[in-house]
Ligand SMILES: Cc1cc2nc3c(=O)[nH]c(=O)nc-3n(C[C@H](O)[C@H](O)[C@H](O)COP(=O)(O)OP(=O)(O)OC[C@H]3O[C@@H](n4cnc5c(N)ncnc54)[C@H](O)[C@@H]3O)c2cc1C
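Just one chain follows, in the form predicted on its own, and it is written as structure tokens.
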Amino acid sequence: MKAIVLGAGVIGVTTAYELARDGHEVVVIDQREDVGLETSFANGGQLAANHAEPWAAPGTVSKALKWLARKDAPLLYRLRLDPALWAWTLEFLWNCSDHRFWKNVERILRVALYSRERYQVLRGELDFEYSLRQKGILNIYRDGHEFDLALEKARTMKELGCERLALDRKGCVDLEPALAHSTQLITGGTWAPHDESGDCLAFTQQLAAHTRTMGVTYQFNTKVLGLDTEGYKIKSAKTDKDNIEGDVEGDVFVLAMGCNSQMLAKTLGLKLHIYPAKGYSLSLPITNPDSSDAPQISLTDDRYKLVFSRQGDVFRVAGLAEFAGYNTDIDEQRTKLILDNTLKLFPRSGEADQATFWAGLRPATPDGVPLLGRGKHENLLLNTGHGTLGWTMAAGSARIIADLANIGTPHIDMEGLGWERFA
């Protein structure tokens, strides 16, 4: 069988690996010049199965209203004449109830925890360096109310298979000594010991290199314009190339194009409820890599929607959410917010003038649940809409797609993961 994977981010490359592992001929097509140059390029680097929660949650609406007029808000909603954003927002608000939040948490965790199992299998088969740290992820909280809510949530999450251990301020500092230098108050934290962190781009690049040894071919600098159909099946991917690579035929097609997935699906009459959520990241060379000045474990600051991870001698900080269409321009006020909060929390980690910034688009669904499964056409498979959890869910999502391509049954329940839930 010949499989055509559309998209060469961490989702597409991991899917190509699983398909090739099953013995299929695989071609990966991407509009960029190499793998991992969109959302996978400079993200927060967390493999955070125990932190897999949707943005649509009780309390989000009241917070968003307070943030509405603030340029320094963690979530920035740029009002614009954009019907797609309005429609997405209405669905987002509908998912903010307590009942729907926990339903979506269960669906996300179903994929994320399965993905954690698949990463263990993958690491047993492959051996390459991507700054993997298996020290867990620490969530920090600034006041007692925030902390109490987090502890209540942790108790419920435990029933769904998540482990989050409560720590007071001293416990947080003992776990991560770099917090001792913080100029900001920390009340306490929850630690997920089984979560991990690393360099998503390095992982994607090295996995892609390995897939080439398995026979996977890559067509870069190639834009997919549409999908040609024949009855209820897709026959080929129509690209912008005029040569022999112009139309790429296959037996199964995997849509893994992140934010661009919904535009291509639209040409097939399939509406995918995805909207781009711009995020920012900061990369800061660590001044004293052998000291406790910069953190050794990965952290999440929920108040400012920031995640922190060490990737070799570089300190990566990523987060914020901005709804502004497909705009990837870097807003200096937003980057200043990240840098200021980073140096308040870890004042000895690095020098401000050494920081570099990046912005990218995450493919967000209104309920935070990815879009996995079959499309309307029998040989179209959807692997998109993972939001901020692309790397976290990549291994599990890829195995699910490979099982479906083999006309097999995935190892997890697929209820509520497909596009049909929005129909």
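The first residue of the shown sequence is 1; numbering continues from there. Since the structure is predicted, the reported quantities are computational estimates derived from the model, not experimental observations.
Although not depicted, the form predicted together with the ligand is the subject of the following passage.
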Which of 123 to 131, 277 to 285, 324 to 332, 180 to 188 sits within 4.5 Å of the ligand in the predicted bound form, heavy atom basis: 277 to 285
Site check Ala8, Asp30 and Thr222: each within 4.5 Å of the ligand in the predicted bound form by heavy atom: yes
Partner contact for Ser397 in the predicted bound form: the ligand, 4.5 angstroms, heavy atom: no
Non-hydrogen atom contact Arg362 with the ligand in the predicted bound form at 4.5 angstroms: yes
Close approach of Asn260 to the ligand in the predicted bound form, 4.5 Å, heavy atom: yes
Exercise: Asn50 in contact with the ligand in the predicted bound form, heavy atom 4.5 Å: no
Contacting member of Cys162, Leu138, Ile108, Ala318, with respect to the ligand in the predicted bound form [4.5 Å, heavy atom]: Ala318
Residues within stretch 32 to 61 having a non-hydrogen atom within 4.5 Å of the ligand in the predicted bound form: Arg32, Glu38, Thr39, Ser40, Asn43, Gly44, Gly45, Gln46
